[in-house]
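The chain below stands alone, shown as structure tokens; this is the form predicted alone.
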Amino acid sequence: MMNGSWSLVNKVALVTGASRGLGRAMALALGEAGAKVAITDLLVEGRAYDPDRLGEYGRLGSHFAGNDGIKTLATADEIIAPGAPSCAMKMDVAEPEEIHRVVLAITKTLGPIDILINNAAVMDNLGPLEEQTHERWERDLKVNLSGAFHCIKAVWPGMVKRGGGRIINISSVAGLMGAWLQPAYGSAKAGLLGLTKSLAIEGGRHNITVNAVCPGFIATEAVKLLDQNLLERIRKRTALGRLGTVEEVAQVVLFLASDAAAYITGAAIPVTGGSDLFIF
């Protein structure tokens, strides 16, 4: 457990989309710093799910649900093991009423939420513009942008009442540069940057900081499924010549959640290894 300005002892954090990958790493880092962490995801081990509904929210979810790749409860247990309180709950960020119910349950279980990490996202909608459908466009915005908006709405009044809070939106290098064959994903992630800056202005008078982290190509379970030739191309066009690790992104999130970042708000921090630089 950390001491000093990076310590999150007695803080309550909510991490969405934390069953694997970046969300899981962020939750573990926050727990290691002493926070009481609420893990939420659309999928929870041992819980029944509607395959059709899951398909609506992404092929990757279906893939990992089918091969024991979901670690929502396991992540909470891993945080609890050293002694930090934690809980895991099912939450669909596309459903505002469900968000409010879960936030209320977290507050009763762990206490009022001090830190919100908006990480839940879908990114499986690939194809040229002529193949993009209205339904997929709306789904991507609903999960990747509106989901963050509704989660913020659910925790904002409590943060205002208590005189402070930390909100960290997980955008993407795609939000900075655009995304080939992913117009909805790129648009939603860019929209998160606008939401971040707009709410940073409003939150400042309440001591609520709102920042964004923009990961590049990170070695998550999903990215590792990509074709090896494509991964090699990605490495070659990244200044550091490699993929990032989930822990490297989690440490930036931890910093922004801590008192060490008390004077940082409205920032969009690239964690890209230089993949957003002009490299050829």
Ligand SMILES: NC(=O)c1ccc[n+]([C@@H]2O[C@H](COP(=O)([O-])OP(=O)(O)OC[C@H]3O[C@@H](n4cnc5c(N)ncnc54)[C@H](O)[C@@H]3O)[C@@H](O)[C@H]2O)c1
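Just so you know, these numbers come straight off a predicted model, no measurement behind them. A residue's number is simply how far along the shown sequence it sits, counting from 1.
Omitted from view is the form predicted together with the named molecule, to which the following refers.
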query: Contact at 86, 110 and 155 by the named molecule in the predicted complex, all three, heavy atom at most 4.5 Å; finding: no
query: Distance check, residue 11 to the named molecule in the predicted complex, heavy atom within 4.5 Å; finding: no
query: Touches the named molecule in the predicted complex: residue 255 (any heavy atom, 4.5 Å); finding: no
query: Touches the named molecule in the predicted complex: residue 31 (any heavy atom, 4.5 Å); finding: no
query: Any non-hydrogen atom of residue 172 within 4.5 angstroms of the named molecule in the predicted complex; finding: yes
query: Segment assignment from 196 to 204, 93 to 101, 128 to 136, 159 to 167: heavy atom within 4.5 Å of the named molecule in the predicted complex; finding: 93 to 101
query: Heavy atom within 4.5 Å of the named molecule in the predicted complex - residue from 122, 76, 106, 188; finding: 122
query: Members of 124 to 151 lying within 4.5 angstroms of the named molecule, judged by heavy atom, in the predicted complex; finding: 143
